[in-house]
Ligand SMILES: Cc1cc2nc3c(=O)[nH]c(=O)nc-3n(C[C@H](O)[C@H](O)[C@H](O)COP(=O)(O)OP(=O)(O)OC[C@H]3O[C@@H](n4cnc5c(N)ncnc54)[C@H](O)[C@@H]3O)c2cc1C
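Before any questions on binding or motion, here is one chain by itself as structure tokens, the form predicted on its own.
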């Protein structure tokens, strides 16, 4: 079977790697350079506990399942690529800086406990025992000890290497002009005037799904771009923190190379990717309030990218009404977290033709008010 993947972020690369290992002929087409979109900007925290929400029970289960798969995913990926992706098991601290923050955090903690999640409530002093550099203003915290993190850029590089080592064909700077669909059946893709036949096309185009021509018109309403600005600071010789810190107005992610990622804005600005003074200011303010020691750290990186958000902010995974067309899109702020479960389950779907119970709730059919034919 000839398989084409449209989109070269961690999702497209990961699916391509898994399918190539199973012996399929896989060609991946990326409009720019692989992994230089949302995957490159991702801070890499794997925080299903910290990011749990009352209305997202199914998404929480998916995130926990993916988190459970991460150790084996990392082992295989690092073994095959020979690249260390900075997988860390340090946990997350969610901190409150005043009475109102504390009330919000207490409500969040009660919701987490209602899901029976392994989290702990800490006083400000207890939080500073874990992370002495936290601000004296921190009055309370939630400790999520089983949350994880990776370096998204290193993971992107490792997936690129592993995919090609497994026999996958990679085409960068090669936008797909059109997906060819005839009588509700995929027949291949067009690259400019060239037709490339395929029995199966997997669209993992992220925020650009709406720009992929040839899909049913209603698909352009499924995914919207959500802009995120992110900063990279350089810590001193000794890292200032070891946990991921969720502050009220920023998150801070330490990496083994001494960098400190500060993110991220959430902006409905279409396809605009400009950094703004206001966005950078708010990130730095939010980070400094929780961690005053960043004040003199140099800024070594700035980036803005587009997260792919679906109509309900959950991913769209699996089969579509078009025979031979699979979607793996709309991961929004959880793309890195959901990479193992997405790639494993899509590969198994291709292999067996069976939609697993794990991804069934995330099928495109849930948007039944749209005409998806």
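Numbering follows the first chain given and starts at 1. Just so it is clear, the structure is predicted and the values come from calculations on it, not from any experiment.
Here the subject shifts to the form predicted in complex with this ligand, a form of this protein not shown in this document.
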item: This ligand: the contacting residue among 254, 175, 124, 286 in the predicted complex [heavy atom, 4.5 Å]; value: 175
item: Sole residue of 62, 343, 336, 325 within 4.5 Å of this ligand in the predicted complex, by heavy atom; value: 336
item: 4.5 Å heavy atom contact, residue 317 and this ligand in the predicted complex; value: no
item: Exercise: residue 66 in contact with this ligand in the predicted complex, heavy atom 4.5 Å; value: no
item: Contact test in the predicted complex: residue 225 vs this ligand, heavy atoms, 4.5 Å; value: no
item: is_contact(residue 4, this ligand) in the predicted complex, heavy atom dist at most 4.5 Å; value: no
item: All of 50, 96 and 242 within 4.5 Å of this ligand in the predicted complex, heavy atom check; value: no
item: Among 29 to 37, 344 to 352, 54 to 62, 317 to 325, the region lying within 4.5 Å of this ligand in the predicted complex by heavy atom distance; value: 29 to 37
item: Sequence-ordered list of residues in 1 to 24 near this ligand in the predicted complex, where near means a heavy atom within 4.5 Å; value: 6, 7, 8, 9, 10, 11, 12
